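Single chain ahead, written as structure tokens, the form predicted on its own.
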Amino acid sequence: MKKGIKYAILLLIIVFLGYNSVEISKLSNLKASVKVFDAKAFAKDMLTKKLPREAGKVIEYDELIKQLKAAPAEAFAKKGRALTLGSIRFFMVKGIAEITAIDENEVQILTEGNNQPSIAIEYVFGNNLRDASGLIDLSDFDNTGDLNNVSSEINKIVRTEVVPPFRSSAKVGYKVEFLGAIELNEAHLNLNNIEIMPASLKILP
């Protein structure tokens, strides 16, 4: 009998401790406590605030082409950026150039160093600006979905805020000041037909 009482008391203690150690919360409260990554705000801050502050460190387009012709491996190592392994690298570039031709997809330009890249104004997509910026730390992202959404939002800002005012005022013969990203393949380097994905475009008087 005494043994049964002891077991009963022990059981009551276990139940009591177990009950007080469990906290019941509403599922809605748990969901509210999870921080949702705001890719749009991140992209906006990066493109309109952080990147312009870094513009002074960005290499001139003509200078990069010069370095790529002279010592491509060194130029890729020092100036190229990528978040993944492989021969594809992204480069931030800037410069002033004359508009030589305009069509619905791109604007052809002639730089002061007589290089002839183009500026994308229709098909703005990919990870060019995100990766070339050097402002992305993979440890800041919980998943690849958030990382990919940053690229999507950056490209959306370029398509809706950067390109339209430039497209409406650009004319052949005008000068444009640009800041943007280019993509190059080190294993199959081709310095012809380079397309600049713009981060900012300014028509000069």
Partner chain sequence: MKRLSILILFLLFFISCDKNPKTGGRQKIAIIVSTLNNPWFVFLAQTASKQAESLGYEAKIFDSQNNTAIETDNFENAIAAGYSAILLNPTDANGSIVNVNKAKASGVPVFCMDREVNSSSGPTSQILSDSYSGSVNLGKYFVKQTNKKGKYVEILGLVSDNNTWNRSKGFHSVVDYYPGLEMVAQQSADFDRNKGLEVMESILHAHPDIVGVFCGNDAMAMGAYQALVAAGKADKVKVIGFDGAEDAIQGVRDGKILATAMQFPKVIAETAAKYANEYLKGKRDFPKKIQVDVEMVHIKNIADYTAYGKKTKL
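Numbering follows the first chain given and starts at 1. Note that this is a predicted model, so its numbers are computed, not measured.
The following text describes the form predicted in complex with the partner chain, which does not appear among the structures shown.
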{"query": "Which of 65-73, 145-153, 51-59, 173-181 sits within 4.5 Å of the partner chain in the predicted complex, heavy atom basis", "finding": "145-153"}
{"query": "Every residue of 83, 87 and 138 near the partner chain in the predicted complex, heavy atom within 4.5 Å", "finding": "yes"}
{"query": "4.5 angstroms heavy atom contact with the partner chain in the predicted complex for residue 159", "finding": "yes"}
{"query": "The partner chain contact in the predicted complex: residue 122, any heavy atom under 4.5 Å", "finding": "yes"}
{"query": "Non-hydrogen atom contact residue 100 with the partner chain in the predicted complex at 4.5 angstroms", "finding": "no"}
{"query": "Residue 105, heavy atom within 4.5 angstroms of the partner chain in the predicted complex", "finding": "yes"}
